[in-house]
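As a starting point, one isolated chain is supplied in structure tokens, in the form predicted on its own.
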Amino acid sequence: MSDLLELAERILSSATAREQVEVYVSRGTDTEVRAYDGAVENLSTAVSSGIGIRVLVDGAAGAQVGTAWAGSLDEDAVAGALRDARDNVRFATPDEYVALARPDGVAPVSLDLSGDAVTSTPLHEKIAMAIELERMVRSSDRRIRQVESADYSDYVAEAAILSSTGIRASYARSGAYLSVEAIANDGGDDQTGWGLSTGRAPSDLDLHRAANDAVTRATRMLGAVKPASMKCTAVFDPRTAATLFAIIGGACSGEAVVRGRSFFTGRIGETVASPLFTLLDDPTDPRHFSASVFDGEGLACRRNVLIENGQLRSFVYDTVSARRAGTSSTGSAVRGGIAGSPSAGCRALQLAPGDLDQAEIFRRVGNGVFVESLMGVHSGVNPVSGDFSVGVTGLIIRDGQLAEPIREVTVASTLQRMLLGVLHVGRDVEWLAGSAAGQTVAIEGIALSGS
């Protein structure tokens, strides 16, 4: 890490009196193993490094920012990126709200988000995990006719963000994942199911859980039919609920709000959800796999309550969106790697857990539908109007128990109605890779469009 900091400091020392400079430098290693038919089908280990540079120059009409990046820390590549960033300033549109982040006095929390186990675990053990995962799925049930993929992957990453405005941030993280897709067949009917296990290190992973998850999801969908259309209560499993939370979190982005691209615009203080619904973005919670000490601008991450007991409390901001809104950054800048510029977004969403397990939620719902997968989310959800219409697969809930599987179904509502219609929140929190954790959630008044 020290060499990354030294490199960033050298670049900052070259800034002229007219410039403000931000340097984002990163380095990481990724390993991916895919098993098929008891052997390694694909194996890759990649080492990457790179740098992103932003140069800001103030002018009468506002600041201009030039950006550039290089996928190498070679001296010539770094010098070229700095030169290109300076050159690109000339082509940037002046903007009175554009600025680099400045220290805001919030102290970073102490988090241990990386471990030596990812790098110290021998490659042959990682390969063995992928092969064993495939074997377990293939041998678990006679109806499993194929394993589409059985993967082990991990990463270690470190990064530093420094700027001439006083930002000095560095962090490291690691992760390990198992995923498997099983294909079940019975009487010519093929159905698929995904199994997952996530952790900070290989020792955190659970082969049995991933395998059983995939097999259960594939086999219980055999014989799925298109049901009759109805209006009912939908119970979303933790993974599909996490997708819903991510959509809601996107609507809480200060960037979306100030541009009028959120159905939450102008609604701070209003009741927007059920009293059971408390949603927060908390990158300081180490249980979340997207936890971080610093945001994408180098400010300390912090816990932000978005919706509390159904009431809309706040949005998340980076420096620029906060200036547009006349407020301060919430330490919520995210960026898509060295080539991306920071923007406001949620990093580690979680819904406050309820006190019910999934079986009890089924019992209380009585009759409805259990949503196990969502399709067409990007095209079927409008974050401005709140319209929600997506394809689903799952199972009917009848008399408090899971019954026949269903497919070729669309569920429709609006995000506004869905939030207000939350009936039950589970305690079965799953810490998933991505921007949101999930748990079982029951929502009433969902239109199910079938036959």
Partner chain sequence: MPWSFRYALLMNSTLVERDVLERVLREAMGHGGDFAEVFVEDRSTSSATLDQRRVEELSSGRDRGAGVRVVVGDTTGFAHTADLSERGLLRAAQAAASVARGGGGVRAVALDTLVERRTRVATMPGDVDKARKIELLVHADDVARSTGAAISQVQVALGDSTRRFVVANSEGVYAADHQVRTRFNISCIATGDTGMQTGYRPIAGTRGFEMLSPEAVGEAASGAARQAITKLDARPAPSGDLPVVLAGGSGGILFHEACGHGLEADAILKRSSVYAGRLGQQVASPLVTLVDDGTVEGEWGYLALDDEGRPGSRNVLIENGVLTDYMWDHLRARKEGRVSSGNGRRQSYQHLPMVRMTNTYLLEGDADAEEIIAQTPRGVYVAQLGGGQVNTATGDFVFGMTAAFMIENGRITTPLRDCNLIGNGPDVLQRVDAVASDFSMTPGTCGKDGQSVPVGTGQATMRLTGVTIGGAA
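Residue numbers count along the first chain shown, from 1. As the structure is a prediction and not an experimental result, all values here were calculated from the model.
Heads up, the form predicted in complex with its partner chain isn't pictured, but that's what we're talking about next.
Contact with its partner chain in the model of the complex, judged as any non-hydrogen atom within 4.5 angstroms, is confined among 154 to 162, 71 to 79, 209 to 217, 110 to 118 to 71 to 79.
Using a 4.5 angstroms limit between non-hydrogen atoms, Ala447 touches its partner chain in the model of the complex. The closest heavy atom approach of Gly376 to its partner chain in the model of the complex falls within 4.5 Å. Residue contact check for Pro122: none of its heavy atoms lie within 4.5 Å of its partner chain in the model of the complex. Taking non-hydrogen atoms only, Ser197 never approaches its partner chain to within 4.5 angstroms in the model of the complex. The contact with its partner chain in the model of the complex, taken as any heavy atom within 4.5 Å, belongs to Thr192 out of Thr192, Gln311, Ser314, Thr284. In terms of contact with its partner chain in the model of the complex, the residue from Arg363, Arg259, Arg303, Arg168 that brings a heavy atom within 4.5 Å is Arg259.
Not one of Ala251, Arg323 and Ala359 comes within 4.5 Å of its partner chain in the model of the complex, counting any heavy atom.
Of the residues in 26 to 45, those that come within 4.5 Å of its partner chain in the model of the complex through at least one heavy atom are, in sequence order, Arg34, Tyr36, Val40, Glu41, Asn42, Leu43, Ser44, Thr45.
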